[in-house]
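For reference, the chain that follows is the form predicted on its own, supplied as structure tokens.
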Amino acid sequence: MNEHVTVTVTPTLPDAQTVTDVRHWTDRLFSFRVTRPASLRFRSGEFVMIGLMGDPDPKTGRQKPLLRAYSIASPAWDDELEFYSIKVQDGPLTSRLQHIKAGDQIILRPKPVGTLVHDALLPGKRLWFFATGTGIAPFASLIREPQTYEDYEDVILTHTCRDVAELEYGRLLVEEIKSDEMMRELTEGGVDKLRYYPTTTREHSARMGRVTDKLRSGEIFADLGVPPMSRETDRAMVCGSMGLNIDMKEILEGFGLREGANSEPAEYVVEKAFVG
């Protein structure tokens, strides 16, 4: 499934932005683009609160917004904002959000925050992005950010999903980046440094297994032809399920890397606001 339509509409409501594009990747995953507030400034990798109005309160008749943290999947230089979401049939927000279409409006609180930013890492040679599911969203922003290729000699995006179809968003994005002339100009050809390492955990594919297991066994380093991670050369960003976050912290610290933050940069960072 790969449906999408595009339209351009100007927002008319306070705190609202207009949906310009919706694409359904599978029955569980979709992405959408919305207009960008003229005043919004963010660093690639950050997230904002977005949502829809909830049902009226039975007693007061008032509606309250249903808001959740969503990583911005588009880079800081983009004229629009892109988001990548899972569909949860009984989820308070996503059960509604999955039905949006071009021309609809969503609420967007323009106060970007997050730890998956270049400022939270010390300078290094090789940058790893570790994602599960829709955790690839902030990395979709960062692999389109020129600074990523200015700061590192090697950029590796890993993405682990249950099924092959769930990898399509990332696979297509990497292909488009590598073939896009504007991206080549913005990064002075740096996109050639980008390597993509997808794995599946349920459906058979060319590369199966959890990335955590491949790190522990060293298989991933052999596959990519790079040495094991070290504090001197490697930097990492992690975004995914709570289980991934916990396991990755243990693994990365086993390689000697220390967790960083905006206020105290180090060798790796984890997005704690995301669970999916």
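All residue numbers are counted from 1 along the displayed sequence. In this text the structure is predicted, and so the values were computed from the model without any measurement.
Here the subject shifts to the form predicted in complex with adenosine-2'-5'-diphosphate (A2P), a form of this protein not shown in this document.
- Heavy atoms within 4.5 Å of adenosine-2'-5'-diphosphate (A2P) in the model of the complex are found in one stretch of 224 to 232, 59 to 67, 238 to 246, 43 to 51, which is 238 to 246.
- Just one of 173, 161, 106, 73 comes within 4.5 Å of adenosine-2'-5'-diphosphate (A2P) in the model of the complex, counting any heavy atom, and that one is 161.
- The contact with adenosine-2'-5'-diphosphate (A2P) in the model of the complex, taken as any heavy atom within 4.5 Å, belongs to 202 out of 99, 111, 202, 125.
- Shown alone here, residue 212 lies within 4.5 Å of adenosine-2'-5'-diphosphate (A2P) in the model of the complex, counting heavy atoms only.
- At the 4.5 Å threshold, heavy atoms of residue 133 reach adenosine-2'-5'-diphosphate (A2P) in the model of the complex.
- The closest heavy atom approach of residue 36 to adenosine-2'-5'-diphosphate (A2P) in the model of the complex falls outside 4.5 Å.
- Within 4.5 angstroms of adenosine-2'-5'-diphosphate (A2P) in the model of the complex, the stretch 26 to 50 places a non-hydrogen atom from 28 alone.
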